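In structure tokens, the next block holds one chain alone, the form predicted alone.
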Amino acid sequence: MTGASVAVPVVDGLFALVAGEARLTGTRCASCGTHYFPRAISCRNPACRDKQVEPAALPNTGTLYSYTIQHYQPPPLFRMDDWAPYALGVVDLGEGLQVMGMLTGVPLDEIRIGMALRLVIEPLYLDAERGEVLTYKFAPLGGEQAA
């Protein structure tokens, strides 16, 4: 690695910046419109006859559907610098799609089902060879609550 600071995604193709905003990279069935994250190689909707999918930038805001607090450190494969208990949430992005991700920017005791959330990209850990490794998380959307 050179002296330059580099940032890489934890998984290539998981997310991207679209018009300056963080977006998860998924797929959408060209026939039935079903969305998938992470990307799927074909439509898995049993009612769909045409299994062709196309790339799709998914919505970057949603509503907290469910969550849990992780009080244990994950195994090395899922390492993170500065580990502390953290929340994992299931976020409803609409269009029939719910995505799991870490929650950030809100104290653990203030997390509420129905919170309006936005997608953010944050560092996960620093790798000596690859540089800063980034992941997606969900943060409160302006402190507003979804209905």
Partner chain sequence: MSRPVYVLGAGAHPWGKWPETTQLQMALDAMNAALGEAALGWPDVQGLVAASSRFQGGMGWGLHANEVAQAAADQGMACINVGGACAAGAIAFSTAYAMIASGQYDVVAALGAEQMPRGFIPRPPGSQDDPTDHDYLRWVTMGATNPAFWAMEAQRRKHDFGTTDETYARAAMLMRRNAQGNRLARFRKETGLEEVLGSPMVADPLHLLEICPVSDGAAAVILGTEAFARRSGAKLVQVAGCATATGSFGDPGRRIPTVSGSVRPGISSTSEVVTAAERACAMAGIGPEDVDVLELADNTAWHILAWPELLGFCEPGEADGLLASGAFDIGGSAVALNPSGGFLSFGEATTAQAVLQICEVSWQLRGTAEGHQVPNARIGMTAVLGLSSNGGSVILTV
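Computed from a predicted model, the values in this text were never measured in an experiment. Residue numbers count along the first chain shown, from 1.
The next section is about a form of this same protein that is not shown, the form predicted together with the partner chain.
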property: Complete contact of 50, 53 and 61 with the partner chain in the predicted complex (any heavy atom, 4.5 Å); result: no
property: Listed residue (97, 116, 106, 57) with a non-hydrogen atom within 4.5 angstroms of the partner chain in the predicted complex; result: 97
property: Residue 16: touches the partner chain in the predicted complex, heavy atom cutoff 4.5 angstroms; result: no
property: Non-hydrogen atom contact residue 30 with the partner chain in the predicted complex at 4.5 angstroms; result: no
property: Partner contact for residue 102 in the predicted complex: the partner chain, 4.5 angstroms, heavy atom; result: yes
property: Heavy atom of residue 26 within 4.5 Å of the partner chain in the predicted complex; result: no
property: Interface residues of 18-48 toward the partner chain, as seen in the predicted complex [heavy atoms, 4.5 Å]; result: 34, 35, 36, 37, 38, 39, 44, 45, 46
